[in-house]
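Okay, here we've got a single chain as structure tokens, the form predicted on its own, with questions on binding and movement later.
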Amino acid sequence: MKKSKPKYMQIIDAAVVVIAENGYHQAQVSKIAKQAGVADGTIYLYFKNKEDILISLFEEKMGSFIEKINTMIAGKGTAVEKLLKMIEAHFSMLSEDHHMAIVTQLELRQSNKDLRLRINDVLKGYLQVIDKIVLEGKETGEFSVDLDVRLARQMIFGTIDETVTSWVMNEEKYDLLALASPVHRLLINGCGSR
């Protein structure tokens, strides 16, 4: 119900900017409210606390990203092509949103254990997309039939994630999207692509 209210996404988008610019621990709710153009109390109509804002932000952004990926790859092409589309979409989304890249690659990592567990729950949807591509690749013979799906998922997600983290840590000085094809080649070779 709250998610359909207009100020919800306004606060989420403001939180991305404030957390990216100040760091999660220094991102006060009052700064988020100011960035969103709402009163401090308005935040609490939508969120319990700053932690709830961070989780909601990740759920919203990751949820729409997973939806976008699923639409892009639905019934289109081979597993190898789907994997490339997914990598390109991942790199594209974060290279187009500097603040979101900082939040996902740096700030979400500095949170407490409970918060990380909740973030991992949100990530499950993305990991399921990877699993679906890997399973399809095994079934079609594009990937090795004895490929361990769990291990392949960790390799794929870990490589994509670390590539983006390195790009953020290097102050986004190079074209992240240009790395999609080399990363894709590396991953499909690791999956035993023929």
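All residue numbers refer to positions in the sequence shown, first residue = 1. Everything quoted here is computed from the prediction, not taken from an experiment.
The following text describes the form predicted together with the DNA, which does not appear among the structures shown.
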Inset, instruction - Would you mind picking the one in R153, K138, K61, K50 that has a heavy atom within 4.5 Å of the DNA in the predicted complex? - result: K50
Inset, instruction - With the DNA left out of view, choose which of V38, V168, L147, L127 has a non-hydrogen atom within 4.5 angstroms of it in the predicted complex. - result: V38
Inset, instruction - Tell me, yes or no, whether T42 is in contact with the DNA in the predicted complex, where a contact means a heavy atom of each within 4.5 Å. - result: yes
Legend entry - in the predicted complex, V29 touching the DNA (heavy atom, 4.5 Å): yes
Legend entry - Distance check, F65 to the DNA in the predicted complex, heavy atom within 4.5 Å: no
Legend entry - Location of the DNA contact in the predicted complex, chosen stretch of 42-50, 65-73, 156-164, 139-147 [non-hydrogen atom, 4.5 Å]: 42-50
